[in-house]
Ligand SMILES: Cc1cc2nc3c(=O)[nH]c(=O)nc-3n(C[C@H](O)[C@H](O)[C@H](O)COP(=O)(O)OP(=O)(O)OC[C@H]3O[C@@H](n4cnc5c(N)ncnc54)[C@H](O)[C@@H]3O)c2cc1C
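First, one chain by itself: the form predicted alone, in C-alpha coordinates.
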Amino acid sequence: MTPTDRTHRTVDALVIGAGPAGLALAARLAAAGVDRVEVLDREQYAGGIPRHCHHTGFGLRDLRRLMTGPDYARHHIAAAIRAGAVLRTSVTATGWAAPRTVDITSPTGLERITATAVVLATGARERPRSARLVPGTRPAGVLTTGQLQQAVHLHHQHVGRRAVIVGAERVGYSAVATLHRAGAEVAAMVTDQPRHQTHPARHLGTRLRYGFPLVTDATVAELTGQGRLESVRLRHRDGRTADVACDTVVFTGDWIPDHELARSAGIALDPGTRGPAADAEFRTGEPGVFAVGNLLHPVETADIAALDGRLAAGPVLRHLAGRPWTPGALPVRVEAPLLWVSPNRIAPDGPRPPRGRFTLRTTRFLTRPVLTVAQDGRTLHRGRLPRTVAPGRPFHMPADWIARADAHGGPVRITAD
(Lines give C-alpha, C1' and ligand atoms only; values in the text may rest on other atoms or scores of the structure.)
Protein backbone atom coordinates (compact mmCIF):
# COMPACT_ATOMS: atom_id res chain seq x y z
CA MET A 1 0.00 0.00 0.00
CA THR A 2 1.39 3.43 -0.96
CA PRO A 3 0.98 6.59 1.12
CA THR A 4 -1.71 7.79 -1.32
CA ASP A 5 -3.83 4.77 -0.35
CA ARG A 6 -4.23 6.09 3.18
CA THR A 7 -7.42 7.79 4.25
CA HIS A 8 -6.46 11.37 5.15
CA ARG A 9 -8.58 13.33 7.61
CA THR A 10 -8.25 16.49 9.69
CA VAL A 11 -9.37 17.09 13.26
CA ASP A 12 -9.05 19.96 15.70
CA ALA A 13 -7.41 18.01 18.53
CA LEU A 14 -5.86 14.55 18.35
CA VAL A 15 -5.14 12.93 21.72
CA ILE A 16 -2.90 9.87 21.59
CA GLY A 17 -3.47 7.74 24.68
CA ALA A 18 -6.80 6.96 26.37
CA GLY A 19 -5.64 6.79 29.97
CA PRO A 20 -6.80 9.20 32.70
CA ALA A 21 -4.79 12.17 31.35
CA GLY A 22 -5.90 11.81 27.74
CA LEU A 23 -9.54 11.13 28.60
CA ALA A 24 -9.79 14.01 31.08
CA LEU A 25 -8.28 16.40 28.54
CA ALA A 26 -10.55 15.20 25.73
CA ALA A 27 -13.62 15.65 27.94
CA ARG A 28 -12.62 19.23 28.78
CA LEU A 29 -11.89 20.14 25.16
CA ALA A 30 -15.12 18.69 23.82
CA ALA A 31 -17.15 20.28 26.62
CA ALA A 32 -15.54 23.64 25.75
CA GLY A 33 -16.94 23.41 22.23
CA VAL A 34 -14.04 22.01 20.22
CA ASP A 35 -15.80 20.33 17.30
CA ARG A 36 -13.49 17.47 16.42
CA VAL A 37 -11.70 15.87 19.36
CA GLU A 38 -10.41 12.37 18.67
CA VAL A 39 -8.72 10.04 21.16
CA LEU A 40 -6.67 7.05 20.01
CA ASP A 41 -5.40 4.10 22.02
CA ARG A 42 -3.50 1.03 20.88
CA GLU A 43 -5.14 -1.18 23.51
CA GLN A 44 -8.39 -3.00 22.86
CA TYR A 45 -10.07 -1.10 25.67
CA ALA A 46 -9.69 2.48 26.87
CA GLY A 47 -8.97 3.54 30.44
CA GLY A 48 -5.24 2.98 30.79
CA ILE A 49 -3.66 1.22 33.76
CA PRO A 50 -6.61 1.73 36.16
CA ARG A 51 -8.86 -0.64 34.22
CA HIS A 52 -6.90 -3.65 35.50
CA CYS A 53 -6.23 -2.31 39.04
CA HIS A 54 -9.11 -3.71 41.06
CA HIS A 55 -8.13 -2.13 44.38
CA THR A 56 -9.69 1.08 45.67
CA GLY A 57 -7.88 4.40 46.02
CA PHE A 58 -8.70 6.02 42.68
CA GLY A 59 -10.45 9.36 42.22
CA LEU A 60 -9.88 11.03 45.55
CA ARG A 61 -8.06 14.10 44.18
CA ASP A 62 -9.93 14.69 40.92
CA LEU A 63 -13.41 13.27 41.63
CA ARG A 64 -13.50 13.70 45.43
CA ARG A 65 -14.55 10.09 45.97
CA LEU A 66 -12.88 6.71 46.22
CA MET A 67 -13.36 4.18 43.43
CA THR A 68 -11.83 0.96 42.15
CA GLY A 69 -9.59 1.22 39.11
CA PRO A 70 -12.14 -0.20 36.63
CA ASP A 71 -14.88 2.10 37.93
CA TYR A 72 -12.52 5.04 37.68
CA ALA A 73 -11.63 4.15 34.08
CA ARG A 74 -15.29 3.78 33.15
CA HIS A 75 -16.07 7.20 34.66
CA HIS A 76 -13.47 8.95 32.50
CA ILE A 77 -14.45 7.03 29.37
CA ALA A 78 -18.10 7.96 29.86
CA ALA A 79 -17.25 11.61 30.56
CA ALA A 80 -15.22 11.95 27.36
CA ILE A 81 -17.86 10.33 25.19
CA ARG A 82 -20.68 12.27 26.83
CA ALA A 83 -18.84 15.54 26.15
CA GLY A 84 -18.61 14.67 22.46
CA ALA A 85 -15.08 13.29 22.01
CA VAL A 86 -14.58 10.41 19.58
CA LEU A 87 -12.83 7.47 21.26
CA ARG A 88 -11.10 4.84 19.11
CA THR A 89 -9.28 1.76 20.44
CA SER A 90 -7.01 -0.85 18.80
CA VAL A 91 -5.47 2.06 16.88
CA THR A 92 -1.71 2.55 16.82
CA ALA A 93 0.11 5.75 15.88
CA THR A 94 3.08 4.49 13.86
CA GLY A 95 4.86 7.73 12.99
CA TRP A 96 4.74 11.26 11.67
CA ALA A 97 4.14 12.17 8.03
CA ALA A 98 4.50 15.93 8.58
CA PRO A 99 4.19 18.43 11.45
CA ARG A 100 1.04 17.56 13.45
CA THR A 101 0.25 14.80 10.95
CA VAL A 102 0.23 11.26 12.31
CA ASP A 103 0.10 7.95 10.45
CA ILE A 104 -2.02 5.33 12.17
CA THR A 105 -3.00 1.74 11.65
CA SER A 106 -6.25 0.17 12.82
CA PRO A 107 -8.43 -2.85 12.07
CA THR A 108 -10.06 -0.81 9.29
CA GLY A 109 -6.77 0.01 7.56
CA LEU A 110 -4.21 2.80 7.30
CA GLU A 111 -5.01 6.44 7.98
CA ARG A 112 -3.30 9.78 8.15
CA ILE A 113 -4.66 12.41 10.54
CA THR A 114 -3.67 16.07 10.61
CA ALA A 115 -4.61 18.02 13.72
CA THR A 116 -4.33 21.63 14.80
CA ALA A 117 -3.20 20.31 18.20
CA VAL A 118 -1.66 16.91 18.92
CA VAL A 119 -1.53 15.82 22.55
CA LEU A 120 0.75 12.96 23.56
CA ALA A 121 -0.73 11.10 26.54
CA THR A 122 1.02 7.77 26.07
CA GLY A 123 1.88 7.22 29.74
CA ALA A 124 4.69 5.13 31.18
CA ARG A 125 5.55 1.49 31.72
CA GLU A 126 7.61 -0.55 34.17
CA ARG A 127 10.99 -1.79 33.04
CA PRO A 128 10.84 -5.56 32.49
CA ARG A 129 13.50 -8.00 33.65
CA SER A 130 15.39 -7.71 30.34
CA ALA A 131 15.80 -3.94 30.66
CA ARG A 132 17.06 -4.32 34.24
CA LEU A 133 19.83 -6.67 33.04
CA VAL A 134 19.08 -9.34 35.65
CA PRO A 135 21.17 -12.43 34.80
CA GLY A 136 20.13 -16.06 34.94
CA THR A 137 17.91 -18.43 33.00
CA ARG A 138 14.74 -17.37 31.20
CA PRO A 139 11.97 -19.36 32.85
CA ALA A 140 8.23 -18.71 32.94
CA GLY A 141 6.87 -16.81 35.93
CA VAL A 142 8.73 -13.50 35.44
CA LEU A 143 6.29 -10.55 35.36
CA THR A 144 5.89 -6.82 35.85
CA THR A 145 3.03 -5.50 37.99
CA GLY A 146 1.08 -4.56 34.88
CA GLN A 147 1.46 -8.05 33.43
CA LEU A 148 0.44 -9.57 36.77
CA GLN A 149 -2.69 -7.43 37.05
CA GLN A 150 -3.75 -8.14 33.50
CA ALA A 151 -3.20 -11.87 33.94
CA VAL A 152 -5.24 -11.98 37.16
CA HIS A 153 -7.98 -9.41 36.61
CA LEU A 154 -8.48 -9.42 32.84
CA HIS A 155 -7.56 -12.95 31.77
CA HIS A 156 -8.16 -14.84 35.06
CA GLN A 157 -4.94 -16.80 34.64
CA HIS A 158 -2.98 -18.78 37.21
CA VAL A 159 0.24 -16.93 38.11
CA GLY A 160 1.96 -19.29 40.54
CA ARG A 161 1.91 -20.23 44.21
CA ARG A 162 4.88 -18.42 45.80
CA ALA A 163 6.18 -15.04 44.63
CA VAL A 164 8.98 -12.57 45.26
CA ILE A 165 8.15 -8.89 44.69
CA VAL A 166 11.03 -6.67 43.59
CA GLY A 167 10.45 -3.09 44.73
CA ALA A 168 8.83 -1.54 47.81
CA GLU A 169 7.17 1.49 46.23
CA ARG A 170 3.41 2.06 46.19
CA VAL A 171 2.92 -0.21 43.16
CA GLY A 172 4.67 -3.11 44.91
CA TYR A 173 2.01 -3.10 47.60
CA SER A 174 -0.68 -3.27 44.91
CA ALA A 175 1.11 -6.38 43.61
CA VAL A 176 0.79 -7.98 47.06
CA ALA A 177 -3.00 -7.64 46.97
CA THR A 178 -3.19 -8.94 43.41
CA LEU A 179 -1.10 -12.01 44.24
CA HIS A 180 -3.26 -12.72 47.29
CA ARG A 181 -6.37 -12.54 45.14
CA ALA A 182 -4.77 -15.04 42.75
CA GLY A 183 -4.05 -17.43 45.63
CA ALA A 184 -0.29 -16.88 45.70
CA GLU A 185 1.85 -16.43 48.80
CA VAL A 186 4.37 -13.57 48.92
CA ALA A 187 7.70 -15.10 49.93
CA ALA A 188 9.43 -11.71 50.20
CA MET A 189 9.36 -8.10 49.08
CA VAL A 190 12.86 -6.92 48.15
CA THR A 191 14.19 -3.36 47.88
CA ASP A 192 17.65 -1.90 47.35
CA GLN A 193 16.72 0.93 49.72
CA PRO A 194 17.16 0.86 53.52
CA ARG A 195 13.38 0.81 54.04
CA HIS A 196 10.11 0.77 52.14
CA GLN A 197 9.07 3.77 50.03
CA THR A 198 5.28 3.79 50.45
CA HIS A 199 3.17 5.59 53.05
CA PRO A 200 3.80 4.13 56.53
CA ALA A 201 0.11 3.34 57.13
CA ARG A 202 -0.15 1.39 53.89
CA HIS A 203 3.05 -0.51 54.62
CA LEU A 204 1.91 -1.46 58.10
CA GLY A 205 -1.61 -2.40 57.03
CA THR A 206 -0.39 -4.57 54.15
CA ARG A 207 2.25 -6.31 56.28
CA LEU A 208 -0.28 -7.05 59.04
CA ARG A 209 -2.85 -8.37 56.60
CA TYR A 210 -0.62 -10.53 54.40
CA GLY A 211 2.37 -11.24 56.63
CA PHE A 212 5.30 -11.13 54.21
CA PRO A 213 8.96 -10.28 55.02
CA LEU A 214 10.51 -7.06 53.73
CA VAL A 215 14.15 -7.53 52.67
CA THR A 216 16.01 -4.20 52.51
CA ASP A 217 19.39 -3.20 51.08
CA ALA A 218 19.28 -6.10 48.63
CA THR A 219 19.10 -6.61 44.86
CA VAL A 220 18.21 -9.51 42.59
CA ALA A 221 21.46 -11.12 41.46
CA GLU A 222 20.11 -14.07 39.46
CA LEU A 223 16.99 -15.97 38.43
CA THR A 224 17.16 -19.76 38.25
CA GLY A 225 14.84 -22.42 36.92
CA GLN A 226 14.26 -24.64 33.92
CA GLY A 227 10.85 -24.19 32.34
CA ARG A 228 9.42 -22.46 35.44
CA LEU A 229 11.17 -20.14 37.88
CA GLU A 230 12.54 -22.03 40.87
CA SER A 231 14.37 -19.41 42.92
CA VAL A 232 15.64 -15.85 43.12
CA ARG A 233 19.16 -15.14 44.35
CA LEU A 234 19.45 -11.96 46.39
CA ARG A 235 22.66 -10.03 46.98
CA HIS A 236 22.77 -7.91 50.13
CA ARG A 237 24.68 -4.67 50.35
CA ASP A 238 27.40 -6.33 52.44
CA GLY A 239 28.00 -8.96 49.71
CA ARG A 240 26.08 -11.86 51.27
CA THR A 241 23.80 -13.85 48.96
CA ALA A 242 20.66 -15.82 49.71
CA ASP A 243 18.33 -17.92 47.55
CA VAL A 244 14.56 -17.54 47.95
CA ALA A 245 12.49 -20.42 46.59
CA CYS A 246 9.62 -19.17 44.42
CA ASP A 247 7.83 -19.86 41.15
CA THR A 248 6.99 -16.22 40.36
CA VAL A 249 8.85 -12.92 40.53
CA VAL A 250 7.18 -9.54 39.99
CA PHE A 251 9.34 -6.58 39.01
CA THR A 252 7.61 -3.39 40.14
CA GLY A 253 8.24 0.31 39.62
CA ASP A 254 11.33 1.60 37.78
CA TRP A 255 9.12 3.47 35.33
CA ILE A 256 10.06 4.76 31.91
CA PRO A 257 7.84 6.98 29.74
CA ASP A 258 6.37 5.56 26.52
CA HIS A 259 8.27 8.21 24.58
CA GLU A 260 8.80 6.46 21.22
CA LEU A 261 6.28 8.62 19.36
CA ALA A 262 7.72 11.81 20.83
CA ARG A 263 11.25 10.76 19.98
CA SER A 264 10.32 9.87 16.40
CA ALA A 265 9.00 13.43 15.97
CA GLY A 266 12.40 14.81 16.98
CA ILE A 267 10.99 16.25 20.21
CA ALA A 268 13.71 16.86 22.79
CA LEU A 269 13.62 14.47 25.75
CA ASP A 270 14.48 15.57 29.27
CA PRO A 271 17.51 13.65 30.62
CA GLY A 272 15.84 13.23 34.02
CA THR A 273 12.29 12.13 33.27
CA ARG A 274 13.25 10.64 29.88
CA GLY A 275 9.93 11.99 28.64
CA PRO A 276 9.41 15.00 26.38
CA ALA A 277 10.88 18.25 27.66
CA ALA A 278 7.85 20.44 28.35
CA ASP A 279 7.03 23.78 29.91
CA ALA A 280 4.44 24.83 32.48
CA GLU A 281 1.69 24.73 29.85
CA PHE A 282 2.53 21.20 28.66
CA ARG A 283 4.07 22.53 25.43
CA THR A 284 6.94 20.65 23.82
CA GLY A 285 9.50 22.12 21.44
CA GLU A 286 7.43 20.95 18.46
CA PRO A 287 4.80 23.57 17.47
CA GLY A 288 1.29 22.34 18.16
CA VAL A 289 2.40 19.24 20.10
CA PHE A 290 1.59 18.97 23.81
CA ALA A 291 2.45 16.23 26.33
CA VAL A 292 0.50 15.35 29.48
CA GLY A 293 0.27 12.82 32.28
CA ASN A 294 2.82 10.20 33.18
CA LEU A 295 4.62 10.64 29.89
CA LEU A 296 6.01 13.77 31.60
CA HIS A 297 6.49 12.55 35.17
CA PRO A 298 6.90 8.77 35.56
CA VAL A 299 4.97 7.98 37.51
CA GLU A 300 2.26 9.75 39.49
CA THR A 301 -1.14 8.42 40.56
CA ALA A 302 -3.97 8.20 38.04
CA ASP A 303 -5.85 11.13 39.56
CA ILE A 304 -2.79 13.38 39.30
CA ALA A 305 -2.50 12.38 35.63
CA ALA A 306 -6.19 13.21 35.14
CA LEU A 307 -5.68 16.60 36.79
CA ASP A 308 -2.84 17.19 34.32
CA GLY A 309 -5.29 16.55 31.51
CA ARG A 310 -7.76 19.04 32.92
CA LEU A 311 -5.07 21.69 33.40
CA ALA A 312 -3.74 21.17 29.88
CA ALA A 313 -7.13 21.99 28.36
CA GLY A 314 -6.57 25.74 28.81
CA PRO A 315 -3.27 25.89 26.91
CA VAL A 316 -4.65 23.64 24.15
CA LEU A 317 -7.73 25.83 23.79
CA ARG A 318 -5.55 28.93 23.57
CA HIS A 319 -3.47 27.28 20.87
CA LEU A 320 -6.61 26.33 18.93
CA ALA A 321 -7.69 29.96 19.18
CA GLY A 322 -4.49 31.06 17.43
CA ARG A 323 -2.12 32.01 20.23
CA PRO A 324 1.51 32.09 18.97
CA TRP A 325 3.61 29.04 19.90
CA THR A 326 6.22 30.40 22.32
CA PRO A 327 6.98 27.65 24.83
CA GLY A 328 9.40 28.09 27.69
CA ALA A 329 12.85 27.16 26.46
CA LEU A 330 15.08 27.56 29.53
CA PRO A 331 16.05 24.07 30.80
CA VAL A 332 15.63 23.16 34.46
CA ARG A 333 17.92 20.31 35.50
CA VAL A 334 18.55 18.38 38.70
CA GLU A 335 21.74 16.92 40.12
CA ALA A 336 22.16 13.64 42.02
CA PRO A 337 20.70 12.40 44.25
CA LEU A 338 17.68 14.11 42.70
CA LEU A 339 16.23 12.16 39.78
CA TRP A 340 14.00 14.56 37.86
CA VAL A 341 11.91 17.72 37.98
CA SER A 342 8.67 18.55 36.19
CA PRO A 343 8.07 20.83 34.38
CA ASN A 344 11.62 21.03 33.08
CA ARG A 345 11.38 24.03 30.76
CA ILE A 346 10.48 27.55 31.90
CA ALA A 347 10.12 31.09 30.62
CA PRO A 348 11.00 33.66 33.32
CA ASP A 349 8.22 35.96 32.11
CA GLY A 350 5.84 33.09 31.34
CA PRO A 351 3.22 31.11 33.24
CA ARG A 352 3.89 29.28 36.49
CA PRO A 353 3.71 25.47 36.71
CA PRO A 354 0.40 23.75 37.47
CA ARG A 355 -0.64 24.31 41.08
CA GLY A 356 2.22 26.83 41.40
CA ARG A 357 4.93 24.30 42.15
CA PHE A 358 7.49 21.94 40.68
CA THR A 359 7.33 18.19 41.26
CA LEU A 360 10.57 16.32 41.98
CA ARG A 361 11.83 12.81 42.67
CA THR A 362 14.91 11.53 44.46
CA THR A 363 16.97 8.35 44.14
CA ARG A 364 17.49 7.97 47.92
CA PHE A 365 16.02 9.04 51.23
CA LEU A 366 16.80 12.65 52.17
CA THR A 367 16.05 13.98 55.65
CA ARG A 368 14.62 17.49 55.48
CA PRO A 369 16.90 18.44 52.58
CA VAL A 370 17.81 21.97 51.61
CA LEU A 371 16.94 22.61 47.96
CA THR A 372 19.02 25.18 46.10
CA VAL A 373 18.05 26.60 42.71
CA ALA A 374 20.90 28.30 40.88
CA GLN A 375 21.76 29.64 37.44
CA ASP A 376 25.26 30.53 36.29
CA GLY A 377 26.48 30.65 39.91
CA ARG A 378 23.60 32.88 41.07
CA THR A 379 21.20 31.53 43.71
CA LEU A 380 17.54 31.95 42.76
CA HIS A 381 16.01 30.05 45.66
CA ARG A 382 17.11 28.17 48.76
CA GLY A 383 14.83 26.49 51.23
CA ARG A 384 14.54 23.50 53.54
CA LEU A 385 11.78 20.95 53.07
CA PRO A 386 9.82 20.21 56.25
CA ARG A 387 9.94 16.40 55.91
CA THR A 388 11.97 13.42 54.74
CA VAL A 389 11.57 12.64 51.06
CA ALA A 390 11.64 9.08 49.72
CA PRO A 391 12.45 7.45 46.37
CA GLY A 392 9.37 6.63 44.33
CA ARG A 393 7.28 9.36 45.98
CA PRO A 394 6.84 12.93 44.76
CA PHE A 395 7.76 16.05 46.65
CA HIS A 396 7.29 19.65 45.70
CA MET A 397 9.09 22.96 45.53
CA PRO A 398 7.55 26.43 45.14
CA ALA A 399 7.81 28.17 41.78
CA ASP A 400 8.04 31.76 43.03
CA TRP A 401 11.68 32.05 41.92
CA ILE A 402 11.02 31.72 38.17
CA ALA A 403 10.93 35.46 37.49
CA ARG A 404 14.48 35.79 38.87
CA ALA A 405 15.91 33.47 36.18
CA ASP A 406 17.67 34.90 33.14
CA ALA A 407 15.99 33.80 29.93
CA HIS A 408 19.30 34.16 28.09
CA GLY A 409 21.44 32.43 30.73
CA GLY A 410 22.49 28.83 31.17
CA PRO A 411 20.34 25.99 32.49
CA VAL A 412 18.75 26.34 35.90
CA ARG A 413 20.06 23.66 38.27
CA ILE A 414 18.44 22.23 41.39
CA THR A 415 20.56 20.54 44.06
CA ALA A 416 19.76 18.94 47.41
CA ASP A 417 21.97 19.12 50.49
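All residue numbers refer to positions in the sequence shown, first residue = 1. Fair warning: this is a prediction, and the values are worked out from it, not measured in the lab.
Keep in mind that the form predicted in complex with the named molecule is missing from the display, and what follows is about it.
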(message) Just checking whether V334 would be counted as a contact of the named molecule in the predicted bound form - the rule being heavy atoms within 4.5 angstroms.
(response) no
(request) May I ask you to state whether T248 is within 4.5 Å of the named molecule in the predicted bound form, using heavy atom distances? (result) no
(request) Report yes if any heavy atom of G57 sits within 4.5 Å of a heavy atom of the named molecule in the predicted bound form; otherwise report no. (result) yes
(message) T92 versus the named molecule, in the predicted bound form: is there a non-hydrogen atom within 4.5 Å?
(response) yes
(message) Within 4.5 Å, heavy atoms only, which of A124, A313, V215, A280 is in contact with the named molecule in the predicted bound form?
(response) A124
(request) Could you spot which one of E300, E169, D270, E286 gets a heavy atom to within 4.5 Å of the named molecule in the predicted bound form? (result) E300
(message) Counting any heavy atom within 4.5 Å as contact, can you tell me which stretch out of 341 to 349, 237 to 245, 193 to 201, 116 to 124 lines the named molecule in the predicted bound form?
(response) 116 to 124
(request) Quick one: name the residues from 133 to 153 with any non-hydrogen atom within 4.5 angstroms of the named molecule in the predicted bound form. (result) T145, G146, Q149
